[in-house]
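Given as structure tokens, the chain that follows is alone and in the form predicted on its own.
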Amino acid sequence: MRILILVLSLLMLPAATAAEYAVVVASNSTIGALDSARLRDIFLRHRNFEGEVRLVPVNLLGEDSTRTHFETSVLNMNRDELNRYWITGHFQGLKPPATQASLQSVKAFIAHVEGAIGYLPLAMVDDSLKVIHEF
């Protein structure tokens, strides 16, 4: 019985760690796959271009669980750390990413603004978007 429980637990492990969210760009973008370190640089405004493409990172407004998950999983920062970062950055001329009020508006922004890059639940990704990172 113990072995059966162990086997079932191991079979469930990939499902528990499967990505639920994606960083996306417009489907016609030339931007390819990016790792977490590069995405962190983009969303913390240390990197403004990917090749010839001027990047326009976009965040979900507020305390939405999608944004919180992105901040902890990709940026490796909690909300307090991120707030302190932007307060300090303000005096260095850094401006935070654009924001949108809903997941639907984030999706539309990314699909229609050249260079836009953002994150969404994987279930929202369709032909208008290209996944460049899953988390």
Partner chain sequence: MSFKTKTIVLLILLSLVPYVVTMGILGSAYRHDMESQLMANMNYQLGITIDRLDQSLLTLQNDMNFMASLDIMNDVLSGDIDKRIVNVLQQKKTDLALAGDFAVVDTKGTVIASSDVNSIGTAFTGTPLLRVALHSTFGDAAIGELLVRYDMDNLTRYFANDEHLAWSLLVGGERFGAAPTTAAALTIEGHLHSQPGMTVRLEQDRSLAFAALDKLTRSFLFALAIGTALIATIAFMVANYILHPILLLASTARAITETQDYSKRVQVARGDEIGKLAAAFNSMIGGMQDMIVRVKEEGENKLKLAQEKNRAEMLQSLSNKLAKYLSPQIYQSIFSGEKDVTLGSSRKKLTIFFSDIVNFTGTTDQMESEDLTQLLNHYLREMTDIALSHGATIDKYIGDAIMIFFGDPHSRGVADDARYCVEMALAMQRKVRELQELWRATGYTKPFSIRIGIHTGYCTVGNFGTENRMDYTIVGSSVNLASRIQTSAAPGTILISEDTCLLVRDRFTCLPVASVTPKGFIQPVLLYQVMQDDLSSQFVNVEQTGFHLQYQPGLLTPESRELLLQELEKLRGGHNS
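Just so it is clear, the model here is predicted, and its values are computed rather than measured. Residue numbers count along the first chain shown, from 1.
The form predicted together with the partner chain is left out here; the points below concern that form.
Trainee: Look up in the model of the complex whether Lys95 has a non-hydrogen atom within 4.5 angstroms of the partner chain, and give yes or no.
Mentor: Although the partner chain is absent here, Lys95 would touch it in the model of the complex, with heavy atoms inside 4.5 Å.
Trainee: Is Val53 one of the residues lying within 4.5 Å of the partner chain in the model of the complex, judged by heavy atom distances?
Mentor: No, no contact at 4.5 Å.
Trainee: Considering only heavy atoms, tell me if Val125 and the partner chain come within 4.5 Å of each other in the model of the complex.
Mentor: No, no contact at 4.5 Å.
Trainee: Taking 4.5 angstroms as the cut-off for heavy atoms, does Gln100 touch the partner chain in the model of the complex?
Mentor: Judged by the heavy-atom cut-off of 4.5 Å, Gln100 is in contact with the partner chain in the model of the complex.
Trainee: Counting heavy atoms only and using a 4.5 Å cut-off, do Ala19, Ser65 and Phe70 all touch the partner chain in the model of the complex?
Mentor: No, the whole trio is out of contact, none within 4.5 Å by any heavy atom.
Trainee: Want to guess which of 85-93, 103-111, 23-31, 71-79 is within 4.5 Å of the partner chain in the model of the complex, heavy atoms only?
Mentor: That would be 103-111.
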